[in-house]
Structure formats: C-alpha cells, structure tokens
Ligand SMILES: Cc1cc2nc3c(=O)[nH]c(=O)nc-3n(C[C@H](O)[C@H](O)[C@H](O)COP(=O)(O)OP(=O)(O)OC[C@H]3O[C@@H](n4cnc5c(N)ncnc54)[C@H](O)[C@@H]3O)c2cc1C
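There is one chain below, alone, in structure tokens, taken in the form predicted on its own.
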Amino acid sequence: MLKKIKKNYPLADLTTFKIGGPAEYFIKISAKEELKEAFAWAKEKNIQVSILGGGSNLLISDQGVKGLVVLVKNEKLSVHGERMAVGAGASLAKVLSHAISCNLSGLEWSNGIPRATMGGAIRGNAEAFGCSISDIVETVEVFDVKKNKFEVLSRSMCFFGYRKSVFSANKNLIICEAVLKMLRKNKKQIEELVERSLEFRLDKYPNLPSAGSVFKNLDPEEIKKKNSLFFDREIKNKIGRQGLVGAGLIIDFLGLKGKTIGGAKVSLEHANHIVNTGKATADEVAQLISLIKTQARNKFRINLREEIQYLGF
C-alpha cells in the first residue's frame, strides 16, 4: 500500500480542464479493499482524503490539494441479462460501448461526455435530453467512511435529484460499484440515438479543454419570483424540455460570451462552458465564475449556482 502512494503528484492532466496543482499524496486504486486501506492510512496520518474520477466537472486549485487524493480506477464491467454491474472508475464511454454490443438501452444520452466515470455520473446524477443516470441505477455499493464498512443502497436510498444525490451531500459515502437495470432494444435504434447525442455535442460544445457546464440550470419560477419583468420579456418562451431555464441563456443575456480573464474564456459555442485557451489558471477560472455570478445577480437578480466542483480551495 505505502509503495503505491506518491508525493507531490501532478493532477492537471487528470482533469478535462487541464488545470491545477499537485496532490500532496496520491494513490491509484482499483480494488475495494485498497480503498479501505487508503482511508485507514490517511486516518493514521490525520489528513483528509479527496476522491478523483475522470476529472470532468472539476476545478483544482493552482496550489494543489492537501492530503491524499485517491484516483478510483475500478473498471469492473459485467452483464447479467438486462443488468450491468459496473465499477465506479469505469468510463461512461466504455460502459455505453459494452451496452451497445449487448443491445442494452439506457445510456445513449451520455455519448460524447468527456472522460466521465460511472462514479462521478452517479454522484452528480448526470443527465441529458430528458434522461438521467438515476433512471437506470438499481443499486449502489458504497464504502461508508464513518462506519468503516461497505454497504449496498437501493435507488430510493440514493435520493437522486437534479444534479445531486446522497453522495454529493454526504462525503462519507464513497461509490465503489453499481448495478444498472437497462432495457433490451434493437441495436440499430440504440446506435441512432447514440449518434444523435454525439452530433449534438460536437455541434454545440467547445473543443477546447473545459469542465463541462459551470452552472446548474434554473427553476423558471425562481426567476419569475425574483424578476417577473425579465421573465415575461425574455424567459417564459425559452424554457427547456426539462422545465428548466438554461444557465447559458442567462450568460448570453449578460453579453459575456467570449469574455476572458487571462487564459480563461466564456465559450463562444456554449455560454455555460468556460474553456482553457492554453495557459489558464484555476484562479482565472474562479474569477470568471465570480464575475458571471455577480453580473447575473446585479443585472437580473438571479443567483447562479455552480455545478462545477472545487478541489483544494
């Protein structure tokens, strides 16, 4: 165990943003028992533990991360009828590819999401096109840090919501594995939906390094309550398919597309994405996020809330 732990390990290339300083301590694990051992080691040294998956939807501090960073690489993948058992470190792309080969439907919407892992997708209840990972999660096996043991949670125990779950609310529950309940469909139908998902992302999303959507979409009733005039004039006819208002739309109205601070830039393709134009720092991204939030609050009385996660701040 101790031999696998590295000091001052660079993290930037483990993220889709390509930004961030090193981990004070770092370990890559693929087995559940190794996860338990890692937490025991950290407890002995009285240091915090941070979990890293595919590195999407994440901004790491320029100063790096104190304590132990655990990269989860459990990529277990097996099919039993219409059920698929997957490790938290398995990429959505790999799981989707295997599902297609088995004529299993339920993940077509995820095609093209960069470097997302199953653990991260479940934690943040990833979704697109009116579908979400919670639609197909049957059970999730977790390591409960406080109890120092593994437990299996049913879907109802996961308390899934928009971009959230019990795992995003409770950092003591570390996702290890999950069982997905999918539907068997015609392969051609599945492949058509998969292709449509990819085409949409290639057309709408930036090619430069980013962390995906920076802000959560908004409840239209909240906007109406805070600013009914703005809602009636600009928003009421632009509510999305899920009944939410895209945060990118608000940033568009602010006129911030293309706004830069250092190497960080609000994407011209999708205003809810901040891109790294080459040498952006985490501080520059954080400043741009703060600017957007401030202007949304001052101009429209709208509170934008981050979907992106911060590590090391």
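Note that the structure is predicted; figures quoted are calculated from it, not measured. Throughout, we count residues from 1 along the sequence that is shown.
The same protein also has a form predicted together with this ligand, omitted here; what follows describes it.
The single contact residue among Ile190, Ala116, Val95, Val137, judged by any heavy atom lying within 4.5 Å of this ligand in the model of the complex, is Ala116.
For the candidate set Phe159, Tyr205, Phe150, Phe231, a heavy atom within 4.5 Å of this ligand in the model of the complex is found for exactly one residue, namely Tyr205. At least one heavy atom of Ile51 is located within 4.5 Å of this ligand in the model of the complex.
This ligand in the model of the complex is approached by Glu127, whose closest heavy atom lies within 4.5 angstroms of it. For Gly248, no non-hydrogen atom is located within 4.5 Å of this ligand in the model of the complex, even though that partner is not displayed. When contacts are judged by a 4.5 Å heavy atom cut-off, Gly106 does not count as touching this ligand in the model of the complex. Contact annotation: this ligand lies within 4.5 Å of heavy atoms from the stretch 173-181 in the model of the complex, the single such stretch among 78-86, 96-104, 173-181, 223-231. Along 211-227, a non-hydrogen atom within 4.5 Å of this ligand in the model of the complex is carried by Ala211, Gly212, in order along the sequence.
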